[in-house]
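Given as structure tokens, the chain that follows is alone and in the form predicted on its own.
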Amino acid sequence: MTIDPVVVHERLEAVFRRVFDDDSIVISNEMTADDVDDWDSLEHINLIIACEREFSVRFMTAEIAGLKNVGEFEAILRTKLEI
């Protein structure tokens, strides 16, 4: 079963809003931790765990260690979901 990329993006944005407790967050491909208040190393881990739960996937450390922005993360997520 494949998931529409737009739905993935919307669900990912909802995860960001929950993790950072900020309903005004609008994610973009270029967004980085510098763009979100309170996005520190602990919240990064919480974000990854929340995404794993939301999408029923598992990320390997090597997959997420060198990510530069949300767009790269979403691309890995979409690959895991076989979109």
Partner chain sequence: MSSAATSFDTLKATARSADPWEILGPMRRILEGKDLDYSTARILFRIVRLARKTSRAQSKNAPGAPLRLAVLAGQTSAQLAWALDLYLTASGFECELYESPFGAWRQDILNPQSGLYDFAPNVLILAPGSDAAPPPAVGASEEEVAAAIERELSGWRELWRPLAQAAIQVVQDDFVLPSLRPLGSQERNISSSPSAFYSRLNQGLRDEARGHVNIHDLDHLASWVGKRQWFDERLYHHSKQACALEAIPVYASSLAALVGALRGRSRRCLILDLDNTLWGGVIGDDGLEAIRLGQGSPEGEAFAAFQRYALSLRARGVVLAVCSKNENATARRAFEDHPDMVLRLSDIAVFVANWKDKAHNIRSIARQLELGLDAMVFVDDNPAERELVRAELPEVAVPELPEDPADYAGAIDRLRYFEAAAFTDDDTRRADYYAGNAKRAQAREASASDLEGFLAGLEMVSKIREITPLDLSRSTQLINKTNQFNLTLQRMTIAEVQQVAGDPRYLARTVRLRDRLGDNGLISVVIGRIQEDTLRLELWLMSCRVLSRGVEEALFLHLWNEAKARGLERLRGVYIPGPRNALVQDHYQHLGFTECEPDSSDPQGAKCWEFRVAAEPPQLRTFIQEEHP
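What you see is a predicted model; the values in this text were computed from it and never measured. Numbering follows the first chain given and starts at 1.
Below: the form predicted in complex with the partner chain, not depicted.
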Query raised in the report: Going by a heavy atom distance of 4.5 Å, is R11 a contact of the partner chain in the predicted bound form?
Result: no
Report task. Would you please decide whether I64 lies within 4.5 angstroms of the partner chain in the predicted bound form, comparing each non-hydrogen atom pair? Result -> yes
Query - Proximity of V26 to the partner chain in the predicted bound form, heavy atoms at 4.5 Å - result: no
Requested in this report: Tell me, yes or no, whether M31 is in contact with the partner chain in the predicted bound form, where a contact means a heavy atom of each within 4.5 Å.
Outcome: no
